[in-house]
Structures are given as C-alpha cells and as structure tokens.
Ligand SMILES: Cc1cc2nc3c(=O)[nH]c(=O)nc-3n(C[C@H](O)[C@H](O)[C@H](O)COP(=O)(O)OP(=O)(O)OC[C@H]3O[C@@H](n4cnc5c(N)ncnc54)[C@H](O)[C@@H]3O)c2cc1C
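Only one chain is shown below, in structure tokens, and it's the form predicted on its own.
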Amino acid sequence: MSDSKKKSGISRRAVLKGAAVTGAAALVTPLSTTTAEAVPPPDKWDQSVDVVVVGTGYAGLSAAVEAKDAGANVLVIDKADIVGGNSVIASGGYNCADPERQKPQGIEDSPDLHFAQTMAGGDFRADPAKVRYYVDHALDGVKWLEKLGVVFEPKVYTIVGAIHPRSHDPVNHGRGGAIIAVLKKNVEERQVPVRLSCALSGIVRRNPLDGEVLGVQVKEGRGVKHIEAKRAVVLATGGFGADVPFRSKYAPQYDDKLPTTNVPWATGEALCYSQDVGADVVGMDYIQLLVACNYFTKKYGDIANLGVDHAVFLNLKGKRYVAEDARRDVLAGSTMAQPEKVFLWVADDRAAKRYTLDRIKVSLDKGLCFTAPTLEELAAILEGKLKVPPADFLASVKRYNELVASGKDSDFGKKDVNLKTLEKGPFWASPTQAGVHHTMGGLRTTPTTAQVLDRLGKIIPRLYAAGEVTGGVHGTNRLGGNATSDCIVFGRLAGQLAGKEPRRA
C-alpha cells in the first residue's frame, strides 16, 4: 500500500478503475437528465450549519479549510463514496510564476506573462479580471499548500499543454492524490465533517429567483433532506465531462463514442440546480480534449505520460505531426486528424522518470505500452504491434535530434526551452488518443469574490462557486496545469468569504 493511500484512504488505482469509462452505458446515471426544479424553503431543516461546501476536490477541500479557519461551522458533502473527485486522479501539476524555483533554472516568468499566455491560450474568451486575480494569487496558493504540508519538487517543468515551464509537481510522483491527501488531512484536523454518498438535489433560495440562498436539498439513500447554511453555500462540484447527455447538449460531436478522462460522477446537475435559482452560465460549449487515453483500452490511466521534453509525438506512419508542447486543443485536434486518431508518445528514459514508474509497469505488463533498450528494438516492437514502418520511425527521431542540435524546431515550432534530445535508453512508446477532459464553461462568478451571478449580472447572495463548476477562467482552451491553481486560488477565496458572511438569525 502506498504512503498516500495510508494517509488519505484513497486508492488511485481504485478511482481510476471507476473512472475508466468510454460511453453512456459505463457512466453512473447522470442526475442532470432528471427533472430539476427550484426548491422551496422547508418547514423544518434537518440540519443547520454555517457553510455547506459541495464537493471534495481541490476547490471544495480548500474552501472547507479556509471557511473553518474563518470561524465558520462547516459541512462538506459529496455524492461519491470517495473523497477527491477528478482531483484525486489528476496529474497534480500546479501552474504559477515562481521566481524562487524558476530563476535557478534560467526560466524567465512573471504573473504578467502567465496572464498573457492564459488569455491567448483561451483565444481571449476568458474574463480578464478573473484571470488577473488568478495569476496574481497563484503563487500564494503554492505557499499555502506547502504550509499545509504539500511538498513540491524543487524544479518546475512544462506539463502537457502548459506552453511554458511553470508547472509544479508534488514530490515523488505524488500527483493530484498527494494534494488531496494533505487537504483531506487538514480538513480532518479541523474536525470538519465530510459526508459522502450525499448528493446535491437542489438549492434552496428564499424565492426561486430572488433573495438569499438558504441552504441545500440532498439525497441520501432513498431519503431527501434539507441542510441550512446560515452563512453560505459553496459549490465546488467539478465539471461535466463524464455526463454524455449533458455535454452533448452543448457539443454534439462529443458523443458516447469519445472516451473521457473523468471520474464517472463528473456530471452537470449542480449547474441545472443553480440555473433553477437564476444563476447564469458562460462558455458551456468550451470542452477540452486531452491526449491521455490509451489507444487499446480507450481508458484514462493506461498510458505512460512521458512529458514533452525528451519526447516526440509520432503517428502510426512513424511521422512527427505537431509541436509536442502546443496548446491542448491543438494537440487533440491534430491527433484526431491522424490515422486511427492515435499517436505514439515516444520518449527516452529521462522523460519517463518524471512519471510513476509503477504505473508504467502496470501498462507494460498489460501490453498497453512498450519499452526497449535501443530505438531500433523499439521500432521492431512497434512494427509488430501497430505496423509502424521502422525506417520512418527511426528517421523521424533522428530528424528531431538534429533539430535539437541546431537549437531550432524549424519543422513544427516546439519551444527552445522544451527542445531536448531523445537518445538515452531505455526508450518508451505509449499509444495514446484523445478523450474528453475539462469543461471550461460553467457558472458565471464575480472575478474577485467568487460569488455566483444571475442572468441579470446581479450577485446571488450567499452562493459561491469555485473550480471547474465555474466558467470564465480558461476561455476556449485551458492551459495544462492551470486547473489545479485555479481550483486552489478560487476555492480558498470562496471559503474565506463564505466563512465571513454574517450568520443569518
């Protein structure tokens, strides 16, 4: 048993097993497809607390810690039977400008550059004020996590789709589960109760489209209960990438034939319940694909995520076709245009060591990825398994290494900082394809207070939201590594302000 499982009670393999879904039949029943109605105030509340936090991912647990530290009596609920949501299986890469780590590596960065790249990376469709708040507070989030007990690697790198080396990884291949384990531990130390298998089924507002939010309606087992929130409700329910009917409503091309990297409970009912009380949404058709599903199984987690330096992406003809450090939508779109909609993630041992080698071994044992001491031997394996022409494969790697030596990727424009050779054995290849990954759209919130806005642009009193359930931070495309810091920054903010709301009599 790993240390992270001992500390958190979370088995990443168990979650990945549940997350390995390919279509509607494999999903839990999406609650977003049921009838949703505004919930009237009950005659009697079943429970009363100051702050109800809905969701146990990065944003939800951060909000719970901050709300409790602000002096509030907090309850966290989650419809799943395990803590962590998508965050527990995420890469854990955290983006921010961090001079203390970056300058020794010769990396120039700043919140201004992070802002400019985030805006451009989302085609300038994000809320500039929200992005500005995010980049200005991202480094504070790293320091806060470190204070709580998260330990990050001393060096940063460029996670897939991040476009700049500012991604922080938890030490020892900790990934998202390492961050969740620390947040969970801090929630427990503060004696904040976390109620699992407790599904949000409605938001209670004084009037359907007017007045303050009073609490939530939940389903536990076969019963329905009402929980009063005397200060505020914080929604941190994540995205809707696993909800095929809901996502297809906004993006019909992302039907049940497309796999997803999400856990099965990443569904969109919280957005429906929020709209029932007047909430506005933004960017709902901005849905990101990620090249992170195994070609053979169509499942997330069955690949060797080998990074973008010391690595090349080759199609089944053995040809390079894209800059490996391009935006995620570019990577996904280019991959979808390749034969069989698949690519070979080819890397040398320096890239592989960044990933959890135990996970790679599981995939190797299943015949889902491949390794060999030399490139020639790897080429022979790929010819036998996938009919990749060995001569073209070897020529493409040779050409790539020549570009590295020249100091310029004149073929596809890979950035100089990520342009590193592929020559140290053993060598690795992981057949990979795209899957639905992140939903950039969601609730419209204020840029600096995380309060939910209604369709008239007015604040819905005592209703906050953070993380992937919100829109406006990433525009049309999320840069890799921006989600973790987005969730921490706005989760903290929502918790701080919700915990300070005046207690309703």
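The shown structure was predicted, so the numbers you read here are calculated from the model rather than taken from an experiment. Quick note: we count residues from 1 along the sequence shown, nothing fancier.
Although not depicted, the form predicted in complex with the named molecule is the subject of the following passage.
### Query
What is the one choice in 360, 316, 326, 90 with a heavy atom within 4.5 Å of the named molecule in the predicted bound form?
If I apply the 4.5 Å criterion carefully, the residue I get is 90.
### in the predicted bound form, the one of 265, 152, 296, 115 near the named molecule [non-hydrogen atom within 4.5 angstroms]
Contact with the named molecule in the predicted bound form is made by 265 alone.
### Query
Which single stretch, out of 373-381, 102-110, 399-407, 191-199, brings residue heavy atoms within 4.5 Å of the named molecule in the predicted bound form?
Of the options given, it is 191-199.
### Task
Indicate whether residue 79 is a 4.5 Å heavy atom neighbour of the named molecule in the predicted bound form.
The answer is yes: residue 79 has a heavy atom within 4.5 Å of the named molecule.
### Query
Taking the shortest heavy atom distance, is residue 86 within 4.5 Å of the named molecule in the predicted bound form?
Residue 86: contacts the named molecule in the predicted bound form.
### Task
Using the partner position in the predicted bound form, report whether residue 56 sits within 4.5 Å of the named molecule, counting heavy atoms only.
Residue 56: contacts the named molecule in the predicted bound form.
### Query
Taking heavy atoms only, is residue 300 within 4.5 angstroms of the named molecule in the predicted bound form?
Taking the distances in the predicted bound form, the answer for residue 300 is yes, it comes within 4.5 Å of the named molecule.
### Message
If you apply a 4.5 angstroms heavy atom cut-off, which residues in 423-440 are near the named molecule in the predicted bound form?
### Response
Going through 423-440 in order - heavy atoms within 4.5 Å of the named molecule in the predicted bound form - the hits are 437, 438.
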